[in-house]
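What follows is one chain in structure tokens, specifically the form predicted alone.
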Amino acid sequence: MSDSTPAIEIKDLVYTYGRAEAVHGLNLTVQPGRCYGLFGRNGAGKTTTMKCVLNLLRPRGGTVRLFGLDPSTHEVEVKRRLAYVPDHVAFYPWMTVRETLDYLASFRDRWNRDTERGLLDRFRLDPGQRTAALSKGQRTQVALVAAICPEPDLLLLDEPTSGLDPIVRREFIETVIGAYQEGGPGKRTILVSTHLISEFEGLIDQFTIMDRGRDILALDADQARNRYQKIRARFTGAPPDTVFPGALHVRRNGRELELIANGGGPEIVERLRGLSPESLTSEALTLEEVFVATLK
């Protein structure tokens, strides 16, 4: 794979469950070294997309390529370079945490024991405890350890912080994922499906918003923050009943006027300034706010 070959390239992906269409015409490209967010409501098609990427489901149409390879014909070569944490984690219940990690390490070309020790300590996991006695959050933690220790080129995370308490969740996102990427700058790639968008705000480089199996918005994160603006104006009396072309949403509340702009923010601000408001502010939307505004 050359440096310009995408880590993931999906073209016109289609998958159906019987007559129900889960993914329809999805296009998505993830370059090496990026953290890519896949956002959508429950049932939007995110997990189905992940399973098609992993060759756990065979697409009904379109193509999937990982590192330039077809995962259905180069399965071993592709899978030795990636790790996957599903939204529901299960292990052999008779194994301890130690035995589980050793078992999973036996399938890998490399395994960073220093990383393993550090993560077990950070998550306060007892290596001697049987996996059957672990809570949902602890099982997720073990799965995260198992995914990061092989130092894969590609990390696929489907709701990876599900079941984690808020403190561990934030620490995992900021420290563990950050350290994973810093260990191979420009090479280690992440595709994360999550509904906790705000917690990944500082890590996401690009994202796609899915709805009913379709990609309805794909943007660079910084481009999204520049394009989507929240504009607030306060007047001495009732806000003027003016039409603002380019505004996604307009809300009037007492003497205040709030608009969400999808591009054209500076023009809307200038137009509002001409209406002599008491105060006028403009700020970039967070990725979560972009998600909500887009689906509305």
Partner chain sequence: MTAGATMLLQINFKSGMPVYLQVVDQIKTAAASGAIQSGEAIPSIRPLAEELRVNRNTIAKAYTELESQGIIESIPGKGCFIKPNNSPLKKEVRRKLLTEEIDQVIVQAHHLQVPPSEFLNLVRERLAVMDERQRSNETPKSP
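Numbering follows the first chain given and starts at 1. Not measured: the values here are computed from a predicted model.
Below: the form predicted in complex with the partner chain, not depicted.
- Stretch-level contact analysis of 153 to 161, 169 to 177, 124 to 132, 83 to 91 against the partner chain in the predicted complex, using heavy atoms and a 4.5 Å limit, identifies 169 to 177.
- Site residues 23, 47 and 215 are none of them in contact with the partner chain in the predicted complex, judged by any heavy atom within 4.5 Å.
- In the predicted complex, none of the heavy atoms of residue 100 sits within 4.5 Å of a heavy atom of the partner chain.
- Shown alone here, residue 16 lies farther than 4.5 Å from the partner chain in the predicted complex, counting heavy atoms only.
- For the chain shown alone, residue 79 is not a contact residue for the partner chain in the predicted complex, no non-hydrogen atom being within 4.5 angstroms.
- Looking at residue 72, you'd find every heavy atom of it more than 4.5 angstroms from the partner chain in the predicted complex.
- Residues of 217 to 248 lying near the partner chain in the predicted complex, listed in sequence order, are 222, 225, 226, the criterion being any heavy atom within 4.5 Å.
- In the predicted complex, the CA atoms of residue 287 and residue 178 move farther apart by at least 3 angstroms compared with the shown structure.
- Whereas the displayed form keeps them at a certain spacing, the CA atoms of residue 36 and residue 178 lie at least 3 angstroms farther apart in the predicted complex.
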